[in-house]
Structure formats: C-alpha cells, structure tokens
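Below, in structure tokens: the form predicted on its own, a single chain.
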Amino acid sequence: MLRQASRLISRSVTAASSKSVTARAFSTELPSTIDSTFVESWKKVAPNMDPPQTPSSFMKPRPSNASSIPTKLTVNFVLPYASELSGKEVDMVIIPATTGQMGVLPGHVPTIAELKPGIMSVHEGTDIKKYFVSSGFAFLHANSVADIIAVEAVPLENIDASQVQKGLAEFTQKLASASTDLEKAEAQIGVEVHSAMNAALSG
C-alpha cells in the first residue's frame, strides 16, 4: 500500500510541478508550511493517516544580511562539556580545516568546515589566544557569526611538550605492533593527534 501511495503522490506532485512555470525560491526563503499539493495527494491514498512532515516544515527563514560588513566577528566556541567562548567579538579567527588553515574575518561567505587536529587562533587586536583542537566543525554564517564545535580543545600553553613526545612514542609503538584493523585505526589516530600537537608546539 505504501508503494502505491508513493507512486500516486509522486505522479500528482510531478503533474502539479509541470503546470507551474515559475521558478521556485530557495527552501530557506519559504515559509514553514506543509506543501498543500502533497497533503491533498496524501489524503486521497491514505485518508486515515496524518501526512508526514516534509523538510520545508522544519526550515527557518534565512537570517537577513547586514547592509554593511560588521567590524567584528562574533565567535561561539563550545566543547561537549564546556563553553570556551560565547558571543565573543573578535577581529579574526584561524581554524584548522581539513582543506587547510582557514582565516575567518567579518563578512566571510557562509561555510561549513570540518576541523582536523591543529591550532585554532583567536585574534582580538594585538592579543592572540591559541587552542589545540582535536576535531569538530565550524559553521560560518552570513551574519558574521562563527559557531565552532570541537570534540576536544585545550589552550596551547597548557600542553606539556614532554607528555606529547611520550604519547607520540607510545602510539607509534602501538601502530607498529597492531594486529587488528581496530587497533591500527586507534593507534593511527593517536599518532596523528600527537604529531599535530608536536608540530603546534614546535611551530
């Protein structure tokens, strides 16, 4: 029955779409309402079941862009267990994206970037605060707000170089002696993270 309902709904929506020659707006520019054509088609084939929610039902209006580029970048930097920065206005932040070091200034194009182990630096005037982040994501919005979520992060000055060297040696040994794919993967992650920390302290 569900297959038949899907086919009928698909035909109805396709037919309705072919009659319309106007260009559709971006999904984030549409009001959060259920498509009436979809609802009507659903009621015809399944009158006793409520129609499912469609993606447009959960869309929020796109935030309006400022008429001019702000002078400051607002940064929210959070970890699973703490909030390092909340609504902090800074001049620039440099994040360790998987595509390379990414400098973010006010007015940056909206972007989602995956983070790799490396240094994230927050620039506020002449003051530069550096963190080592293990991984995570950065969400850069059109309104000059940057939401940065890291799995783990620590101020660079709090890292013990001797412990990093010790950890790197241990994980290198584990990688060499690993006998299963899981052991190899865990050891490889340890080597990569400790190597990145070592490079951050050396640089």
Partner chain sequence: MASSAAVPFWRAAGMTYITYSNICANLVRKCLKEPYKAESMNREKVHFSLSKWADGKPQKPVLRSDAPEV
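Residue numbers count along the first chain shown, from 1. Source: prediction; values computed, not measured.
The next section is about a form of this same protein that is not shown, the form predicted in complex with the partner chain.
- Checking T37, Q163, N143, Q173 for any heavy atom within 4.5 Å of the partner chain in the predicted complex turns up a single hit: Q163.
- Contact with the partner chain in the predicted complex, judged by any heavy atom within 4.5 Å, is made by just one of V154, A178, A169, A46: V154.
- Within 4.5 Å of any heavy atom of the partner chain in the predicted complex lies no heavy atom of D91.
- Taking non-hydrogen atoms only, S135 approaches the partner chain to within 4.5 angstroms in the predicted complex.
- Though the partner is left out of this view, P117 does reach within 4.5 Å of the partner chain in the predicted complex, counting heavy atoms only.
- Using a 4.5 Å cutoff between non-hydrogen atoms, N158 counts as a contact of the partner chain in the predicted complex.
- Taken together, the three residues T99, M102 and V104 all stay farther than 4.5 Å from the partner chain in the predicted complex, as judged by their closest heavy atom.
- The partner is not shown here, but in the predicted complex the stretch 171-198 reaches within 4.5 angstroms of the partner chain through a heavy atom at F171, D181, L182, A185, E186, Q188, I189, G190, E192, V193, H194, M197.
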